Structures are given as structure tokens and as C-alpha cells.
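Before any questions on how it binds or moves, here is one chain, the form predicted alone, in C-alpha cells.
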Amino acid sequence: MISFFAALFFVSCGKDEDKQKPDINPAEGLIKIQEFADDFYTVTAYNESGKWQIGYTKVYFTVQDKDGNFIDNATLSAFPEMNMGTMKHSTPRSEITKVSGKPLFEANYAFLMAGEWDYTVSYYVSRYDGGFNPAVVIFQPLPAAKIDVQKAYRPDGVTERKVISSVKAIDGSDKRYVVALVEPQKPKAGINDITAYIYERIDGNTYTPVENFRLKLDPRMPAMENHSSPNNEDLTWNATEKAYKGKANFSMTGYWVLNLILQNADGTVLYGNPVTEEIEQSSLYFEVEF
């Protein structure tokens, strides 16, 4: 089984590469982020914002030959790495999967920090010469590239917004966890579905998703006497979506802090604290504003 956090692969078939006409763009409606190319193929990354962004970022990929044909039968691997001089590390990321019915592939990342990352893409394409020779699987690493991961901002475009946290458990285990906000990307007044991912850091390149934890949720409005709201639901493990799901009630528009307490399956607090009159914010939180 392909590891969730190993290099990201699509399954390649042993037949001639499948092609779609170049005038049919499977990424229509998405914004191009960046191209990675050699003399034979171009891999293009897209998403809804056209940016690599700190925290949760969903990315789609296409593969095209030099005639512009979209390749359906391909395998890709991709590895992001932050070089900090004295140390290097990767980031939580998903396995890349095929989008059903079109030559389009998808993955998600949880970038731990903004800045310039090294990004290595390789492709595998099986090609058949049309004669009696068997298909040949061609492997090729694309030229080394850099990607620019952007900060997340509040609506003023200046103040940074908290969308991901890397924390060390306070239970004495010395384990490290990453908590990333997935939804809402476009919050609204009223009840919002809230989604998050939780990963355990095994080493700088390996992050494993954890199941059956809990994120206790307490949304507050600091500018409005730090009031909360009714009908919120803690984030619990959803086995179908393989994510943590809950409800956040934003009773009015404005700036909200989503105070969190991370608990393991036994209910042990791993990080975060309750909000009280004396302590107005948890040490673990996300921020939304609309």
C-alpha cells in the first residue's frame, strides 16, 4: 500500500498513454499556480486561488505532452522541502489521487510555514510505439523548482491569520502534532461546518494522520467582550471523510478566534486550555474573519 506521507504517486497502467484533446482543459475553472516542465512533458499545478498558501492547500495537476495533449495514464511524485540552512524538513501532505472521469489529479498540503520551498516533481508515463514492442514506462525527474508559499491574511491584507499549528504534547510523551484548519475557507454568519486535519510528526519528512482524537471548540469574538455563541460542536473524527468535523456558530460578522483543546482518544489533554475570565484565549487556536 502506498504510504499516505511518502512521495506522492498515481498508479500507471501498462498501455499506451491515454490522451485528451488539447482543447478540453480538465482544470477549467481553476487558476494556474505553476508549471514544471522538461523537453517532453509539462506538469501544471492549479487550485481555486492560484497560490501555494500556508496551512491547508488543495492542489490539482495536469500532465501534457508537447502537442498539448492531456495525459490520463501517468504517475507523478512530488516532494516539498523547506531548507532552513541548519535543517531541512517537509510538511504534511496527502497522497495524490486521480479525479474520476478526466485527466486531472489532486492532492492537499498543510504547509507549516510561508516562504520559498524546494519542490521536486517526477513523472512516469507508459508509452507504446504501435508495433510489437511492449509498453515502456518512462521515468523522468523534472528540473528542480522553487515554490513560493504565501502567508494567510485577515481581510486587511496585512495582518497574518492563524490557520495551522505545530505543537508539542504536554502529557509528557514529547510527541509533536500538527493541527490544520481546512474549512471554512469562506465563513458566513450562522452555523458553519468546520473541518481540520491532525497529524503526528514522526520526523521532519513524515507526518501521520491520527484518528479518534477530539478538538474541543470555543469560538470567541475578542472585540465584543470575548463573547462566544451557542450550538457549537466539537471536532470529532469522521471516518468517511478521514478528517475532523464539527460546527462553529458565527453569530455575527467580524473577527473570531476558534479556541481549541486537543485531546487524545482517552480524553487526555495534549495541548490547549479553556477560556476563562482570566485567560481569554487558548494556546491552540485558529482565526477567521469575514
Partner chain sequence: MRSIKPIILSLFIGILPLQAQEEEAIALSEIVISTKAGIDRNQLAKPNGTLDEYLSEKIDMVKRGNYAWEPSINNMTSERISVTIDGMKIFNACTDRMDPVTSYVETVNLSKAVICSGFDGSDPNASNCIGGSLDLKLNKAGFCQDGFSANANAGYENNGNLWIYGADAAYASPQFYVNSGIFHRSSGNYYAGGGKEVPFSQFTKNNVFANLGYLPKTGKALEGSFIYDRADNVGYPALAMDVRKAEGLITSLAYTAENPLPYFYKWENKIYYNNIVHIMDDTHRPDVPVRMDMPGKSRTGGFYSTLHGRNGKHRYSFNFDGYYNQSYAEMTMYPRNSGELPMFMLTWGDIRTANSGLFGVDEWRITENHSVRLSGKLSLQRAGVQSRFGWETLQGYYPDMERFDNRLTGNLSARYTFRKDAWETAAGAGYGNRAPSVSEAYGFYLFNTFDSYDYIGNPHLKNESSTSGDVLLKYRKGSFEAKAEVSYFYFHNYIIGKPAADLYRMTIGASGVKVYQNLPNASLWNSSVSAKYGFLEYFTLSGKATYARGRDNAGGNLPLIAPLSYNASLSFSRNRFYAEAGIAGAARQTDFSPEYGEDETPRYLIANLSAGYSFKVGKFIFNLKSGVENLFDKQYSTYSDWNNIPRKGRNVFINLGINF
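Residue numbers count along the first chain shown, from 1. A quick note: this is a predicted structure, and the numbers were derived from the prediction, not measured.
Not on display, but discussed next: the form predicted in complex with its partner chain.
- Within this chain, residue 156 lines the site of its partner chain in the model of the complex, having a heavy atom no more than 4.5 Å away.
- At the 4.5 Å threshold, heavy atoms of residue 167 stay clear of its partner chain in the model of the complex, well away from it.
- Contact check for residue 43: every heavy atom lies farther than 4.5 Å from its partner chain in the model of the complex.
- Residue contact check for residue 241: none of its heavy atoms lie within 4.5 Å of its partner chain in the model of the complex.
- In the model of the complex, no residue of the candidate spot (209, 212 and 236) has a heavy atom lying within 4.5 Å of its partner chain.
- Note on contacts: among 264, 49, 228, 69, the single residue with a heavy atom within 4.5 Å of its partner chain in the model of the complex is 228.
- Proximity to its partner chain in the model of the complex, taken as a non-hydrogen atom within 4.5 angstroms, holds for one residue of 145, 191, 99, 202, which is 191.
- The stretch among 72 to 80, 104 to 112, 117 to 125, 182 to 190 whose residues place heavy atoms within 4.5 Å of its partner chain in the model of the complex is 182 to 190.
- Residues from 256 to 290 that approach its partner chain in the model of the complex with a non-hydrogen atom closer than or equal to 4.5 Å are 289, 290, in the order they occur in the chain.
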